[in-house]
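Shown below, as structure tokens, is a lone chain in the form predicted on its own; questions about how it binds or moves come after it.
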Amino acid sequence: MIGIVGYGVYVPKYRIKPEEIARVWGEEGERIRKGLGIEEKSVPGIDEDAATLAVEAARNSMAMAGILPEKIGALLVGSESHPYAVKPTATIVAEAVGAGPNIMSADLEFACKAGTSGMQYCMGLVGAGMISYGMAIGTDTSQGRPGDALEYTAGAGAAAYIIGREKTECIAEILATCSYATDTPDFWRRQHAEFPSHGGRFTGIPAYFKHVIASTQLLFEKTNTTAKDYDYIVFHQPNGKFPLEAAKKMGIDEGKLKLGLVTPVIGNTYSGASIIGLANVLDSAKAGEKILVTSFGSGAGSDSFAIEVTDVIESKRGKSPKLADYLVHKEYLDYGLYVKHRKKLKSL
């Protein structure tokens, strides 16, 4: 068996309402806000970045897994907001959690699917017998140009997953995984550019929907399953509407997406988005239930996973915070404080 031994999430306590952002940008801002399906989004603290978020999620995952940090043989951090252009985030996290120097570590980047890519790499290393446990993290304090549609959705959060192979330790078995990728430049940030650019409507049909649907269908073919075989489905969620539209295009019951769709209340956490959604499902799922997860990263590609929950999950619940615990205590910011938190005042 190759599966999930433990997982952990972290979401900052700060929030901003899209209405507050739209208030600043007027009629055009209100028009953008209405089309995104976002109630509020998370905002990092002034002293938080992708590395600190990753550390919190990693510690939570180890608390659930119940393993010594030095047993982690690989630590991979996926993000598109690494604090350093040249200096790994992974070594910062490994040192902070006490993983020790005998570890494979690397930063990954593939827009919003870098976290799920890390999970696949850890599966390969564990399956090959090179390591006993691997940790994959998706973490982002995502950026959005002032007034752009991304400013209404770009949130902050992280999720960490420990992959292992001991049946008595795995809370969920990863039954299969596959990927689908093409050179589709729907979203990018060039070197030295502070904010990303995107192709507007081009981001939808030829990018998000094409890759999410194709990867999901590939998984169905690989596993000889259909959507009806899964109790929960988690799609990458750049906003609150795209995942539901993808489900509709595939004839999937939207109810299967409800528990994993968390972007409306925390924003798009980019590399953490689909796997934070998965964490929310695992927080409630029962043994024997099956979960389908499909991530999406601009540029563009998707990873899909077929996961089955085991009875081990009940013995590990309560050892680390649930996503719901981070949704209770919130502090709302006005646009001025939001700009300060996101360091958009360039004269400072």
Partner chain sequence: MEESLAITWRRIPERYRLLGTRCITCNGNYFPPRKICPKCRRKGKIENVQFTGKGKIYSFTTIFAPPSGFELEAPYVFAIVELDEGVRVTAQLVDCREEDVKIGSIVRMVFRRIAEDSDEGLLHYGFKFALVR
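All of these numbers come straight from a predicted model, not from anything done at the bench. Positions refer to the first chain, counted from 1.
One more form of this protein should be noted, the form predicted together with the partner chain, which is absent from this view; the next part is about it.
- In the predicted bound form, residue 59 approaches the partner chain with a heavy atom inside 4.5 Å.
- Residue contact check for residue 250: none of its heavy atoms lie within 4.5 Å of the partner chain in the predicted bound form.
- Contact between residue 109 and the partner chain in the predicted bound form is not found at the 4.5 Å heavy atom cutoff.
- Shown alone here, residue 103 lies farther than 4.5 Å from the partner chain in the predicted bound form, counting heavy atoms only.
- Stretch 94-102 is the answer when you ask which of 94-102, 239-247, 149-157, 115-123 has residues with heavy atoms within 4.5 Å of the partner chain in the predicted bound form.
- When the partner chain is considered in the predicted bound form, only one residue from 127, 255, 83, 185 comes within 4.5 Å through any heavy atom, namely 83.
- The listed set 300, 55, 36, 309 contains one residue whose heavy atoms approach the partner chain in the predicted bound form to within 4.5 Å, identified as 55.
- In the predicted bound form, 46, 47, 48, 49 are the residues of 35-49 with at least one heavy atom within 4.5 Å of the partner chain, listed from first to last.
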